[in-house]
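Next up: just one chain, as structure tokens, the form predicted on its own.
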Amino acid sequence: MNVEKYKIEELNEVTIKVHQRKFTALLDEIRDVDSVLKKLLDFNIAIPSWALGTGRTRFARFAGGGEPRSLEEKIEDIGLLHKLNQSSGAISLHIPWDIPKSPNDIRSLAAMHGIRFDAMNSNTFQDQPGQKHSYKFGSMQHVQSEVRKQAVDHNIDVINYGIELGSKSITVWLSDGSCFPGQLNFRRAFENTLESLSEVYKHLPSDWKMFVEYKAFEPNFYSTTVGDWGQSLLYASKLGEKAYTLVDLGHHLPNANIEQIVALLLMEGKLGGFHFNDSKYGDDDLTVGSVKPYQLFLIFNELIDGMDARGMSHSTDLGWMIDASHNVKDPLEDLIQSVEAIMIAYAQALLVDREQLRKAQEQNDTVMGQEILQKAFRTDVRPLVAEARLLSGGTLNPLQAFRTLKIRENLIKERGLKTISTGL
């Protein structure tokens, strides 16, 4: 399906006067609005290829209609999202779910839709058809060297696919761990994993990064071999300057202070990427900002402060990606909501008066510190985010446009009602 530019312009024309009135009213509250708009225009969030289909619960999957049946259709769907919001200009592939049959053709198709390739993702948490060795008891941590080598070789293959597509990074998430006490020697598991990661690291091109993702639990519930940010940082520090920690919002124990974690990782120059989602209990992979919007704002507040302190580009020096599972929502509508929530939190954090906040902190003025942060958080920045979309050629209201243009209905007509996307 193709959304022509004139259709976007027609939709914007309907609500442009209301938008202009709201945006004008907001201008008095924003210092240097042009600078803020420029940052919003530059900021893009990668969409993972596996998020374009309906996710699953632990017990069932209720597939929707018109889901992408191939990598080509996934790129087309992200192209649709990007046309609407102008903030989804990258795709993150998962191998072997989305092995490109012709990397040159796939790269050309992505370019046609204005899409670049973000981090590549390897998979050693599932056994694939024809796979010689099982990952039932781990991959890079495994007690058998041949299993570890299989996992290493797969990650090297993923890097090679990424080189052909123009990616510049690989994310390694390991489900390795143990379910019961006595099942695993923790030190040996760490050493095996480090040795395996080191073999993959050797194959990184000079301009690539390796992101080491961590997770507190699941699928192993007694221990995980990369269980928290400290363990990930330890691996990344031992591996070298091209290795970084990747933070997934859902990969923490309940009530973890994620904003403090990102502040310290940035301070050490070892925060490499970010996976956005939301949660109520654990790794729920809910729509970004649907449960804890204030936490999302606080995280962005620390991200901006830490990146500015190191002179980093907000748009390019970290990897930004959504990692959600759409069990009951339309996947594309869920992604529209998630991107919007990210842009809102980012815009709110850009409004924080950092000079005044620093003064309040130096004077131990806890009341004023809270007031400064909550003033920014309570500012309705939706007109500001919409103005950035308008300037870049997107829609003032992406979700409304999605429904008005009947995008899902048209995708069902093109692809059928019983399609199932590749992935989980």
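Numbers follow the displayed sequence, beginning with 1. Note that the structure is predicted; figures quoted are calculated from it, not measured.
In what follows, reference is made to the form predicted in complex with a further copy of the same chain, a form of this protein that is not presented.
This chain is drawn without a further copy of the same chain; in the predicted bound form, the residue among Leu390, Ile30, Leu399, Leu41 with a heavy atom within 4.5 Å of it is Leu399.
Contact with a further copy of the same chain in the predicted bound form, judged by any heavy atom within 4.5 Å, is made by just one of Leu234, Ile99, Leu165, Leu109: Leu234. The stretch among 109-117, 155-163, 262-270, 197-205 whose residues place heavy atoms within 4.5 Å of a further copy of the same chain in the predicted bound form is 262-270. a further copy of the same chain is not shown here, but in the predicted bound form it comes within 4.5 Å of a heavy atom of Pro293.
In the predicted bound form, at least one heavy atom of Gln126 sits within 4.5 Å of a heavy atom of a further copy of the same chain. In the predicted bound form, a further copy of the same chain stays beyond 4.5 Å of every heavy atom belonging to Phe211. In the predicted bound form, Arg415 stays away from a further copy of the same chain, with no heavy atom inside 4.5 Å.
Shown without its partner, the chain has Phe377, Arg378, Thr379, Asp380, Arg382, Leu399, Arg403 in segment 377-412 as residues with a non-hydrogen atom within 4.5 angstroms of a further copy of the same chain in the predicted bound form.
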